[in-house]
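What follows is a single chain, given as structure tokens, in the form predicted alone.
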């Protein structure tokens, strides 16, 4: 992964010095181990701050919405799919972007690692190919990376950028199993009462901090429905009905657009698996419309268009 860091720094410096871009968006090493931060740089002399390893999981498309300048950006498979969605939804233009593609072998779940070391404080992280080392004051452990991938990365079928101007490495294989939606199917088989209980228990820890919304590259409405007061769509409390309303409406706003990047789950301070909502909708859209978000610039999302021959049996 360190060779990617050097390549990213070299490309960013070249693009900024040559005036190809006005700003370069990548990641920097976090002050907390395994929590790398997004970074925007304009000065070619600051490229040594850029960094890359398997903890660069937050979606950089949050920093594209509505920009007018020329932008260089680091993009894995899911980030590039969100770039496509941003272009299709007129949030950014293709001509503004210089996309540096990175074949992604998956991001590490920091929560899974913390559980594996018994909640002890990790003060150092080092990636070593297919393994990684974590070190604390009184321990040192080496783990296999594939055993600690984020849940979305473990079943990712599109790890390579779908849109790029420059590619940093060889393409890597995506997940080829037929059980991507196994967790969704398990919930689908429940009775309606059991499903209600499942989702109610799942979000019972929600503190309505909106970290999932803020981390999501698709949540770029000028005013979110939860912040509207005239009319007020949903209450501000952690009342179970208000909380469920928030999660359901946010998920439906992402229907046909979600790339399953996992940014929402990674940002949640309570560790709530909020992808259970969006994965169900991804499955439905794929089955009903043969559609997966962000794979090409030629088509608009199925819920964004109208055709006279659209299926309407559910209305009648």
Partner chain sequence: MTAYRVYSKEEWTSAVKALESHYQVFVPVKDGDFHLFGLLSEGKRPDFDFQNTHLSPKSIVYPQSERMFEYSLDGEDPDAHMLKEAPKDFSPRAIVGIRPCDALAFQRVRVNFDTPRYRDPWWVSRFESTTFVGLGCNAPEATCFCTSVGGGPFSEAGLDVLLYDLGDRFLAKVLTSKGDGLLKKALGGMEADGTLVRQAESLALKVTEAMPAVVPVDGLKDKSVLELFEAPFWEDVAFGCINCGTCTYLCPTCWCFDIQDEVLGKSGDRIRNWDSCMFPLFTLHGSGHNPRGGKVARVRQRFMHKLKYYLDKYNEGVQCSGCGRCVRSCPANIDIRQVAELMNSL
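The structure displayed is predicted, hence computed values, not measured ones. Residue numbers count along the first chain shown, from 1.
Separately, the form predicted in complex with the partner chain exists; it is not shown, and the next lines address it.
Taking the partner from elsewhere, residue 201 is found to have every heavy atom lying beyond 4.5 Å of the partner chain in the model of the complex.
With a 4.5 Å cutoff on heavy atoms, residue 68 does not count as touching the partner chain in the model of the complex; it lies far away. With a 4.5 Å cutoff on heavy atoms, residue 54 does not count as touching the partner chain in the model of the complex; it lies far away. Contact annotation: residue 45 falls outside 4.5 Å of the partner chain in the model of the complex, judged by heavy atom distances. Residues of just one listed stretch (85 to 93, 172 to 180, 154 to 162, 201 to 209) have heavy atoms within 4.5 Å of the partner chain in the model of the complex: 201 to 209. Checking 130, 126, 140, 227 for any heavy atom within 4.5 Å of the partner chain in the model of the complex turns up a single hit: 227.
Using a 4.5 Å heavy atom cutoff, none of 20, 76 and 292 lies near the partner chain in the model of the complex. The single residue of 270 to 303 lying near the partner chain in the model of the complex is 270, the criterion being any heavy atom within 4.5 Å.
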